[in-house]
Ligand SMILES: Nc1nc2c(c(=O)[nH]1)N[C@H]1C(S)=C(S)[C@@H](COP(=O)(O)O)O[C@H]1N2
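Below you will find one chain, with nothing else, as structure tokens; this is the form predicted on its own, and questions on how it binds or moves follow later.
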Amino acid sequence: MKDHSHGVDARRRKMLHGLAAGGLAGTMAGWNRSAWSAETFNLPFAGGERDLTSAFPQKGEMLLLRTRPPLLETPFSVFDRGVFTPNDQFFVRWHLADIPTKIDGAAFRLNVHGQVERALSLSLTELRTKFEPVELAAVNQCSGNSRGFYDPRVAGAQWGNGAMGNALWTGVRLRDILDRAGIKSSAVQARFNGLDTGVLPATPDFMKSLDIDHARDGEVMIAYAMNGQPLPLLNGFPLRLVVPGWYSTYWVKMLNDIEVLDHPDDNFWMSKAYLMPDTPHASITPGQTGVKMVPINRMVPRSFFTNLTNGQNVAAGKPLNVRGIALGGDTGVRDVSVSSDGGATWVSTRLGHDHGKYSFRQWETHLIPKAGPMELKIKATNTAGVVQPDTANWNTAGFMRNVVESITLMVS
């Protein structure tokens, strides 16, 4: 994580002034239904037809999975434009349907209470002026990213590969806030809650928890900006938790409440939802029962082609630029290798700039294709030595897919 305790630049001061001044230029009230696009896009699996929409506030063109609560997928071509995902095309995933349509930044408070010496009620101005600001590049990825590719199919949002994004997050260390409150020796976990609520009173409030040592590791942060701008409302304005290396279910949006608990959190979203098999790679066989389940947690390495698509025609005998992105999961990317013979042999690619171990890493190589179909495969190895698997895992929730990606090019 990069410190910015001295010499905060004018760009950030302007951004943070706008954040603290209150209000939000765009709201979610009265979505412009006339902006629904008649254009559709087909993800490469059964039932993969999606509307392309630009109807959501502060969002450009997105793949629409659901309107309420919003589920919006990033069109995959976006990932070829750079290592950071633009805010207006950053994926959106909410669990509860009642989301505030406007938030007064001046009146907003972050409350910290529970097993602490001093309860806190912090304004956005206090967060940006009373705590050391930090920046961190980190991938935010839905636990069910790529769920639509599972075979047999599983229930849940049928995402393609675009339920992920990488941003440069600006905010404060969660540790610094907890230390300001004073953690009691009885503290076991910190629980995070946001402003979204269910339509029905019986709907469990969406809350997630981290062990207190994890919460205080100095990397978990509370972000008030992404990619140099205040968070879009749909991505959690004005504050969201950033849990680098962990799936986005923990990255609570519109964060306004932190409760320090003296016991393991047993709320619905920790004890019943987002559970995965406690098996290698969270994998079981369809129909398998009696498996111990645990909360999903750390991400695993992945890599993708971004400038080529399956079935694309390319010229034989001419140099072909092949590029993409990779992530190491809960640590950095050590190697990204490509195979042009269906996995028989592998060659390391050239890695782009390292923005930090939790960021996307761009990769690139050149090939000279020979006439006929050419199957390309790509796989990443992280700095802990974990390699993408050749065969896909499977579980009933469709979590943690990271099988080696492959495409076939038509060379002539």
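None of the values given here were measured: they were computed from a predicted structure. Note that residue numbering begins at 1 and tracks the sequence as displayed.
The following text describes the form predicted together with the named molecule, which does not appear among the structures shown.
Trainee: Please run the contact check for Val243 against the named molecule in the predicted complex: heavy atoms, 4.5 angstroms, yes or no?
Mentor: Contact check for Val243: no, nothing within 4.5 Å of the named molecule in the predicted complex.
Trainee: Can you tell me whether Asp196 touches the named molecule? I mean in the predicted complex, with a 4.5 angstroms heavy atom cut-off.
Mentor: Close contact exists here: in the predicted complex, Asp196 approaches the named molecule to within 4.5 Å, heavy atoms only.
Trainee: Although the partner isn't part of this model, could you tell me whether His95 comes within 4.5 Å of the named molecule in the predicted complex, counting any heavy atom of the residue?
Mentor: Yes.
Trainee: Whether Val252 contacts the named molecule in the predicted complex should be assessed with a 4.5 Å heavy atom distance threshold; does it?
Mentor: Heavy-atom contact with the named molecule at 4.5 Å: present for Val252.
Trainee: Counting only non-hydrogen atoms, which stretch in 138-146, 275-283, 76-84, 114-122 is within 4.5 Å of the named molecule in the predicted complex?
Mentor: Result of the contact check: 138-146.
Trainee: Tell me, out of Ser248, Gln158, Ser340, Asn166, which residue has a non-hydrogen atom within 4.5 angstroms of the named molecule in the predicted complex.
Mentor: Only one listed residue qualifies here, and that residue is Ser248.
Trainee: Of the options Val260, Leu234, Leu210, Val134, which one has a non-hydrogen atom that comes within 4.5 Å of the named molecule in the predicted complex?
Mentor: Selected residue: Leu234.
Trainee: With the partner left out here, which residues of 203-232 have a non-hydrogen atom within 4.5 Å of the named molecule in the predicted complex?
Mentor: Only Phe206 sits within 4.5 Å of the partner.
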